[in-house]
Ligand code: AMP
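Single chain ahead, written as structure tokens, the form predicted on its own.
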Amino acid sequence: MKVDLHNHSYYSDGVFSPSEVVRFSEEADCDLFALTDHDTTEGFVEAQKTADELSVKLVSGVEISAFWRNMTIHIVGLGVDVDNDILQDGLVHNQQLRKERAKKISLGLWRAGIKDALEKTQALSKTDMLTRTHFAQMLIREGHCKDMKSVFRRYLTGKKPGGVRVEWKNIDEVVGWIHAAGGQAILAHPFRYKMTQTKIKNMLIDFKEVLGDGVEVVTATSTDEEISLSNQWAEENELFSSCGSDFHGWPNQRIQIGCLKDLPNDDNAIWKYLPC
């Protein structure tokens, strides 16, 4: 099967509409696809309408920011009931934190000599959900940096001008939101966090202890070594395996929907346990 269970539309920090993203999945011959915008499910109804028209098998999804040992990580919820009150209350909480963070990032950039950052960044977004990706793309467009990696290194992390700490809810609570909505909780892109292998292994152990369901073993940027290790740790912790490109669609990002390596162990695939 060709599966891609991690993608974004302009309802969070993607470029394209939910309909366009679903059409891309159909053009890529995906057998199963999920829209997983950051801390919102607003695009799902539109995505589902297009999926029905194209006979695309769409999984309802969301990517939620959470805290693990005082570090920000992302948890993907798959197969969630988007009308569930507990889930939506949690997402509203995170959305408010994002709005507060956007103002603080803008202030930090202003102090560093970058004027009107909030207004310029808002111009890149079709909603009021501003993410660090939006600020990064603005800084690239304004000529302050040449690519995403340099933007985050110079401006948007730690004690840099736009580095803002956010007090997300802990992973046990976020997993609870997803389970309350009938979904599966998947730890997103474990090798993207600035952690040692030992710390990643500990994160997976803790994730299992709070009843997390799976981990993204394959992403668009995964190396063979990362896939092998992720698969090994998933099996050791009795976690399901997932895969997702994390497609956003920005011109300076080369990730394409459905362009993923195979899971090492298809028997452990999360999609065997998803409603679709």
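Residue numbers here begin at 1 and follow the sequence given. The model shown is predicted, which means the values in this text are computed figures rather than measured ones. Take the two forms, superpose them, and find the largest set of C-alpha atoms that agree within 1.5 Å; that set is the rigid core.
Unshown form predicted in complex with this ligand; subsequent notes refer to it.
According to a 4.5 angstroms non-hydrogen atom cut-off, is L97 in contact with this ligand in the predicted complex?
Answer no; every heavy atom of L97 is more than 4.5 Å from this ligand in the predicted complex.
If we define contact as a non-hydrogen atom of the residue within 4.5 angstroms of the partner, is K57 a contact of this ligand in the predicted complex?
Result no; K57 lies far from this ligand in the predicted complex.
Any chance K160 has a heavy atom within 4.5 Å of this ligand in the predicted complex?
Residue-level check for K160: no, no contact with this ligand.
Is H248 a contact residue for this ligand in the predicted complex, using a 4.5 Å heavy atom cut-off?
Result yes; H248 sits at the interface with this ligand in the predicted complex.
If you check in the predicted complex, do H38, H74 and F152 all have a non-hydrogen atom within 4.5 Å of this ligand?
All three within 4.5 Å in the predicted complex.
Counting any non-hydrogen atom inside 4.5 Å, which residue from K169, K120, R101, K201 sits next to this ligand in the predicted complex?
In short, R101.
Please identify the residue among M195, I114, M148, V82 with any heavy atom within 4.5 Å of this ligand in the predicted complex.
If I apply the 4.5 Å criterion carefully, the residue I get is M148.
Pick the stretch from 127-135, 169-177, 106-114, 202-210 whose residues have a heavy atom within 4.5 Å of this ligand in the predicted complex.
Heavy-atom contact with the partner occurs in 127-135.
Can you tell me which bits of 6-33 touch this ligand in the predicted complex, meaning any heavy atom within 4.5 Å?
The one in contact is D13.
With both forms fitted on the core, check whether the Cα of S19 differs by 2 Å or more between the shown form and the other one.
Moves: no, less than 2 Å.
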